[in-house]
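First comes one chain, alone, set out as structure tokens in the form predicted on its own.
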């Protein structure tokens, strides 16, 4: 096991290398990786797409950054569809439109400046096309297997911070929101729609934390307020090293649902956009979160469904309704 400083050196070395260098390796099989590094391959599946070095990197760190994976043309089309939705030129069934807490308190303007996030866009053919991109799915299959469900979709439009630090996203684990398992067959694809860095609030990850258990989450007690559903790890005081993922337009990071991550403030005057999808193996199964650390988010989702849609449904059912098959067969989820 690497020490923290050694781990960060390895991370920075990998992130700075071009894709060709990352995939180059004298090892030609998963068995060679296992023999060389003496670690079990738990988080990735045997396939011909990931190099042994890439598999080891994800196994150790819980994420993998792929440069220039989504074309500028596709991203521009997603941006145009986002703007059409914000202008109310198109109505999308089931779409959740979210606003930053500071924007919600100001005068409403029907354009993209008023929207901080679109969630559950599975009924929008143009945006959902992201979830079915072949170059995305070939990586996803390395973590989920061939039967793939798109479970959760988002287009994030992180606004300039109004001075209240509300554009931050607290450090959290995505598995907190998911009533399905196993965690190792779930993965997120997160694509930068423009250059992202520490100035406009890039992703912050804590490499290796995917090997830990699910923590207790709740709303952090921040002075400026917290956006709806932005739960964070309760009493978060981790001393684990952080890594800021500086990315260019089209770069995509794949990460495990237990990886602790968040994002900082957007200190620029522009909006920082990204599009993402959480995928799961269709062989995954739903669990009852009653009596677990996830009970609070389960109750919140049930209350929201009752208020917004007048639907009295279970937490698991709310996920089953929006889950969409994107490859293979729908075997369980």
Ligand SMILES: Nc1ncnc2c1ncn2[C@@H]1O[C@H](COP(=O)(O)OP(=O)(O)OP(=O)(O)O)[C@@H](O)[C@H]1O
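Numbering follows the first chain given and starts at 1. As the structure is a computational prediction, the values presented were derived from the model and not from experiment.
The following text describes the form predicted together with the named molecule, which does not appear among the structures shown.
Picking from 237-245, 207-215, 128-136, 68-76 the stretch near the named molecule in the predicted complex, with a 4.5 Å limit on heavy atoms, gives 237-245. Though the partner is left out of this view, residue 115 does not reach within 4.5 Å of the named molecule in the predicted complex, counting heavy atoms only. Remark: residue 42 does not count among the residues lining the named molecule in the predicted complex, judged by a heavy atom distance of 4.5 Å or less. Shown alone here, residue 249 lies farther than 4.5 Å from the named molecule in the predicted complex, counting heavy atoms only. Although the partner is absent from this view, residue 181 stays clear of the named molecule in the predicted complex, with no non-hydrogen atom inside 4.5 angstroms. The single contact residue among 171, 92, 253, 186, judged by any heavy atom lying within 4.5 Å of the named molecule in the predicted complex, is 171. Although the named molecule is not shown here, in the predicted complex the stretch 251-267 places heavy atoms of 262, 263, 264, 265, 267 within 4.5 Å of it, in sequence order.
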